[in-house]
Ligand SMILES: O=P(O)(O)OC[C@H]1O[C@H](OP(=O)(O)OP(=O)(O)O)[C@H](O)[C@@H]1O
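A single chain, nothing else alongside it, follows as structure tokens in the form predicted alone.
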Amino acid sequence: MAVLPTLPKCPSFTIFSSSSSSSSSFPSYRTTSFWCCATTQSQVAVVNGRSDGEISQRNEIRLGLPSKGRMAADTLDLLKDCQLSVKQSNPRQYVAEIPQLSNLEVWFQRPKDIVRKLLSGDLDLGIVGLDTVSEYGQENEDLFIVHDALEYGDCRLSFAIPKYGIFENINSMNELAQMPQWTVEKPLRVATGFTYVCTTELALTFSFFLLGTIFLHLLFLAIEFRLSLYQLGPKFMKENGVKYVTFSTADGALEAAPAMGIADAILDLVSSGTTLKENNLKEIEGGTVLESQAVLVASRRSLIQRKGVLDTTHEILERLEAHLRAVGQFTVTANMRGSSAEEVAERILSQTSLSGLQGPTISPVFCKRDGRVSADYYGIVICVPKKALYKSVQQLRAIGGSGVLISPLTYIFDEETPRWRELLAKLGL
């Protein structure tokens, strides 16, 4: 008869979770105890049903895009501006294509599901808000931000407090931290709709091992217990000197929580701030936890292991960079009389608004006079940002420029996209 090995004693863990109530300023706690059997065997963590390090077996590359709302419309507009229009045969279908990118499928998903499917390996690339990546990615090393500034979907995760009562003269996190009202018995109560601010995540992974004997005895059951606390909100409050604070999650209009007496402050996404003002709330100096906008995110495993993902990412990145760099830029073309290209260049570079990206392009303008071809004028081409356009035209005229032509830029391609070099370096390629 086979002898079963003695298993090590299982340590116990206790989890405290708060439940807030409008009738009490101090949260009550309930406890849940778990027993964990530790073994010397290496365990495999499971993320959304797929083992870490395992990549799904498929040939196509998948890009996840938001399926609804303003973020979805702005994403499609950006891709169209980059000559990457999404073709959808049926608006009710969740799968589409981008003809310019071969072997690529576009999957329309909820933003949070895009992040989850990147972690599970069901998507390779995605475009979502940075706040969504922070909320549902929770600093997972497999999530890789390829482009962190797509310049739309701007918002911020920010603290807001009432304009009235004890907060009337409080205008900064430093002043909030110095308020004597917050104690162990009566902490600052913050309501939020974001679970990642104060989330306790419990992941249990079961691994079974069998010993091959005549009766196939079950040797042991290994349970991997992992308790991870990703507390963005508490960490931020601690860094700002607020010692006594509790967080509660809530759905619906958070702006009403202080007026209803169920919270002292809120932590929510803010765009224009109009809703806060309409509910007599205010942001305070130093109270922004996270700045967010649309980002291009990828699975590190897919970039390294799946054929074609890295090349497709390179093309998408270059198109995005070229378009975004050109937004708000104009090409200015003018003629200028001068004795030589060098003399004209010297006059142009004496003006601060006429230097262009790397300097002006200057070429002779040939005219035929009295039967002879001569170059009395020089044509100049410079790139000027929209905000400096009129000033640049004035400076150009002041040094002899004429026949000024202006046209918007569509793309500006660098010799190599800086973000591409950063991507390869971080991947170790």
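Fair warning: this is a prediction, and the values are worked out from it, not measured in the lab. The first residue of the shown sequence is 1; numbering continues from there.
There is also a form predicted together with the named molecule; it is not shown, and the following applies to it.
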| item | value |
| --- | --- |
| Options 173-181, 273-281, 338-346, 88-96; stretch whose heavy atom lies within 4.5 Å of the named molecule in the predicted bound form | 273-281 |
| The named molecule contact at residue 255 in the predicted bound form, heavy atom, 4.5 Å | yes |
| Residue 143: touches the named molecule in the predicted bound form, heavy atom cutoff 4.5 angstroms | no |
| Partner contact for residue 113 in the predicted bound form: the named molecule, 4.5 angstroms, heavy atom | no |
| Residue 369 within 4.5 Å of the named molecule in the predicted bound form, heavy atoms | no |
| Contact assignment for the named molecule in the predicted bound form, among 122, 321, 264, 268, heavy atom within 4.5 Å | 268 |
| Contact residue in the predicted bound form, from 58, 70, 387, 397 (heavy atom within 4.5 Å of the named molecule) | 70 |
